[in-house]
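The chain that follows stands alone, in the form predicted alone, written as structure tokens.
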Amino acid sequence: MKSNEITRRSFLKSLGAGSVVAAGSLMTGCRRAAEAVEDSHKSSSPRPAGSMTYRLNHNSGDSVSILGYGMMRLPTVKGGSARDDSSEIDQEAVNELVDYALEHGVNYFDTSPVYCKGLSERATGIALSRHPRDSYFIATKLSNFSPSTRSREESQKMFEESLRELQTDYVDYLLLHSVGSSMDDLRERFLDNGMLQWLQEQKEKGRIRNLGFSFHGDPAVYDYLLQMHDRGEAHWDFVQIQHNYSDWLNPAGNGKRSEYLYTELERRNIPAVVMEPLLGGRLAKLPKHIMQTLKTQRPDDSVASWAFRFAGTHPGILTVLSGMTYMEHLQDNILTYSPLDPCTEEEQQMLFHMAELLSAYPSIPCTRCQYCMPCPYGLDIPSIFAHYNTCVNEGNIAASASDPDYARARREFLVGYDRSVPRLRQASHCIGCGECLPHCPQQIDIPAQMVRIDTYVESLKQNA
């Protein structure tokens, strides 16, 4: 198996051809949705230019693009994201995005059996199989969350199905998906059933080239897995962590400082893959006064680019994942990393100050991962939190009826709430069953937040 080495010359050659794809015919609905993307995720530059930055995986010799494509928000025929939209995936649009990414140096594609309601691997396999197999790296996961998939037999079936859907006979990067909720969960999914040993055997056979895990949750589980590495009971070729300037020193809700997660990997020389560089999109949609500070420093750069630059600044980062639904996001992120301009020490300190300001806002640390879904009572938990957070960031949360801006904020919140979340799926229908609690990587007390939001909504209605 050949490692993927893309030279500057071949990249610049492909860059010229890529401009044709940039003008490709995405479906009309996708174009409409793209036009509505926040300006904070746009830069003034019309298209990517320059040469993609690559990082070397010393375990396998892979030269990996610092920008990785997260295939969890693929476009749909209705113009939305398959993470939120139940309509059919727009395979033609996926193909165009993948083509453009490859032509501009992106070579790491991350998927999972559970992404896009179980259809991400298939769409990814269709798009990538049109290109030479040694021109890209596939990362997928053993997502055996459900009790029905945790046996050795069912977990093995999931891995084999991933290979079929991805149209490949080997996976470049295989992750134990979302470990960390508890030691009991880790043991049941990967240790007591012998799956970790089986995956290591598949690596020896060449069916897995790099084996790692993605971490959410209890730092004690994280430490245990790294101790396994230290003792030689497992060899982690890479580890996927949540890493952004907000979580570096001041994580919200889950107690995980990404500084600690990253440093523990760096001292073991284990490459890190970054997830949530934008913290579920919140670092691309900042409060206006914070956004203005960043725009003053680099007026031609998008607000999102600051988060991506920070994520890639640390040398132990192998690649930074971004779930890119629209061409505008893909182009902006390629521009940020072609090449990467690392954050200076002064810029990092400014971002940490921004994070402190953000922590003063009563937002909910939801990243819209959808692991809490489906709710047995039909609530759209991620959309409820997303609307609330948007109103916080845009100043549409009024402290009281005496607030001089109360009428406008009240109207914006209530009208937007009904537009964003159907009434039968709103917070008022939460019964506090707690089914969602063990599945939340951010350890949000979801029922308590539902009560808080519903209480606020009712107060707005009463003050009509």
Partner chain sequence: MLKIIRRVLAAIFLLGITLLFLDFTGASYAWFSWMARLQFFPAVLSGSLVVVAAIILLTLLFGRLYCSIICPLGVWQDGIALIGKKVRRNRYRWSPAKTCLRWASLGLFILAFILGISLVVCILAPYSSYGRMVASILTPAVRYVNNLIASATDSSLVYHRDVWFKTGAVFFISLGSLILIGTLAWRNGRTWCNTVCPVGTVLGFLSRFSLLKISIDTDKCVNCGLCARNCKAGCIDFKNHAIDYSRCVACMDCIGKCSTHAISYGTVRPVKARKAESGSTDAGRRSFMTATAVIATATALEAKKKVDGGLAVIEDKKIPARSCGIVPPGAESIKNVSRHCTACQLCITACPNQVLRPSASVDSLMQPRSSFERGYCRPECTRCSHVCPTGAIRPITPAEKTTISVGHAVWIRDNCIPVTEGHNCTACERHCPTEAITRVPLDPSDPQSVLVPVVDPSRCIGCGACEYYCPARPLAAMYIEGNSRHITL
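Given the structure is predicted, the values throughout are model-derived calculations rather than measurements. Positions refer to the first chain, counted from 1.
What comes next is about the form predicted in complex with its partner chain, which does not appear here.
Peer 1: Exactly one residue in 146, 263, 135, 349 has a non-hydrogen atom within 4.5 Å of its partner chain in the predicted bound form; which is it?
Peer 2: Of the candidates 146, 263, 135, 349, 146 is the one lying within 4.5 Å of its partner chain in the predicted bound form.
Peer 1: Would you mind picking the one in 130, 288, 117, 267 that has a heavy atom within 4.5 Å of its partner chain in the predicted bound form?
Peer 2: Flagged contact: 117.
Peer 1: Name the stretch: of 376-384, 307-315, 190-198, 272-280, exactly one has residues whose heavy atoms fall within 4.5 Å of its partner chain in the predicted bound form.
Peer 2: Among the candidates, contact is made by 376-384.
Peer 1: At 4.5 Å between heavy atoms, is residue 59 in contact with its partner chain in the predicted bound form?
Peer 2: Close contact is absent here: in the predicted bound form, residue 59 is far from its partner chain, nothing within 4.5 Å, heavy atoms only.
Peer 1: Residue 156 versus its partner chain, in the predicted bound form: is there a non-hydrogen atom within 4.5 Å?
Peer 2: Heavy-atom contact with its partner chain at 4.5 Å: absent for residue 156.
Peer 1: Can you check whether residue 170 is within 4.5 Å of its partner chain in the predicted bound form, heavy atom basis?
Peer 2: Output for residue 170 is no: heavy atoms all beyond 4.5 Å of its partner chain.
Peer 1: Does the 4.5 Å heavy atom contact test between residue 390 and its partner chain in the predicted bound form come out positive?
Peer 2: No, residue 390 stays farther than 4.5 Å from its partner chain in the predicted bound form.
Peer 1: Taking its partner chain as it sits in the predicted bound form, which residues of 408-425 have a non-hydrogen atom within 4.5 Å of it? Please list them.
Peer 2: Contacts from 408-425: 411, 412, 415, 419, 423, 424, 425.
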